[in-house]
Ligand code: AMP
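Form predicted alone, single chain, as C-alpha cells, below.
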Amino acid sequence: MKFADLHLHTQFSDGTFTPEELVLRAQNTGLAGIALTDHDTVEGCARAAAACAAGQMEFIVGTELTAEHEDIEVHILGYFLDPQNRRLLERLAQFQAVRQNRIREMVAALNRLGLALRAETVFALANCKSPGRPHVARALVKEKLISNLDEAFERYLKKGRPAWVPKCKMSALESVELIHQAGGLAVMAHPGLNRTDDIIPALVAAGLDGIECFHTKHSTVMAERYLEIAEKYHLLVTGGSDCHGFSKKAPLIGTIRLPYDHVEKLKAKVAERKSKNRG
C-alpha cells in the first residue's frame, strides 16, 4: 500500500530541512508522494520537485496560508498550485513583507527588554523570504541571549508574552479564492488545533475543497470527528505530519501516513475542475 505526507515545511519557512533533505527522509520513510506546504511561499517547491523526480516520488506544489474568519484564525493549505501564477506570487510577496516587518517589531520589543538582538541577525539565520518566530528563537539561542528554544517562546515569543506580535491575516474566504484562481485545491489545516469547527460551513459555502483529518496533534477521536464532517460536507480528506524538521523536536516526516487513495481523489478533483474551466 502506498502512502503520502501532505503537510511539510523546509528552510524556506520555519523548518530546518532543505528541500533535498526532506525528500531524502521521505524516501527513507517509504513514502510514495509528498506536498511541500511552507508558510506563505512556494519558494522551495522547484527544488523539492526536482529531488522527488530524481527519486521517482510524486510531488505536489503547496503552501500554507494564515487566515481568519469572524476573528477565528484558520490555516488554509493550497495544493496543486501553479507556482508561476502571478496573483498568487504577488499576494505571497505581500505577506512575506508583513512577516519580515513582524520580525523587526519582535526584535524591537526584545531590544526594549534589554536583549541585544539585531533584525539582520534573524534574517541572515532564516535565509528565506518567509521568516517567523522560530527564527527569532533560534537567533536568540545562537547569540547566547537565551539558553534554549523553549525558553525563548515561554519567556518572550508566545502569545501574551512581552515580545509577541500578532500576525496580519488574510480573509479565509479570500484565501480559498486565491488558491482556486491559482489552479489549486483549498484544504483546512489541523482544525482541531485552531478550533475552527464553527466556521467550516461558511468556508464550504466559499468553495473549501477538503479538510486535514489526519494530523500529528489530532487524537483518534478528533480524526474520526473530522472524517464525519468531511463526509457531511462532501469534502476531500488529507493528512500530514506538519514536520518542521528539528526546530520543534517532533513530529518528523512520516509520522502521519495518508493512504494514497486520498491523493488520487485530490488529483481527480483537480482534473475535473480543469475540465470544467476548459468547457
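Keep in mind that this is a model prediction, so the values were computed, not measured. So that there is no doubt, residue numbering starts at 1 and follows the sequence shown.
This next part talks about the form predicted together with the ligand, which is not shown.
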Triplet Gly62, Tyr79 and Asp209 all within 4.5 Å of the ligand in the model of the complex via a heavy atom:
no
Could you work out which of Lys167, Lys142, Arg118, Arg161 is the residue within 4.5 angstroms of the ligand in the model of the complex, going by heavy atoms?
Lys167
Among Glu105, Asp150, Asp197, Glu174, which has any heavy atom within 4.5 Å of the ligand in the model of the complex?
Asp150
Work out which of the listed stretches, 184-192, 201-209, 107-115, 94-102, brings a heavy atom within 4.5 angstroms of the ligand in the model of the complex.
94-102
Under a 4.5 Å heavy atom criterion, is His244 part of the interface with the ligand in the model of the complex?
yes
Classify Lys129 as contacting or not contacting the ligand in the model of the complex by the rule of any non-hydrogen atom within 4.5 angstroms, answering yes or no.
no
Going by heavy atoms, what in 55-71 lies within 4.5 angstroms of the ligand in the model of the complex?
none
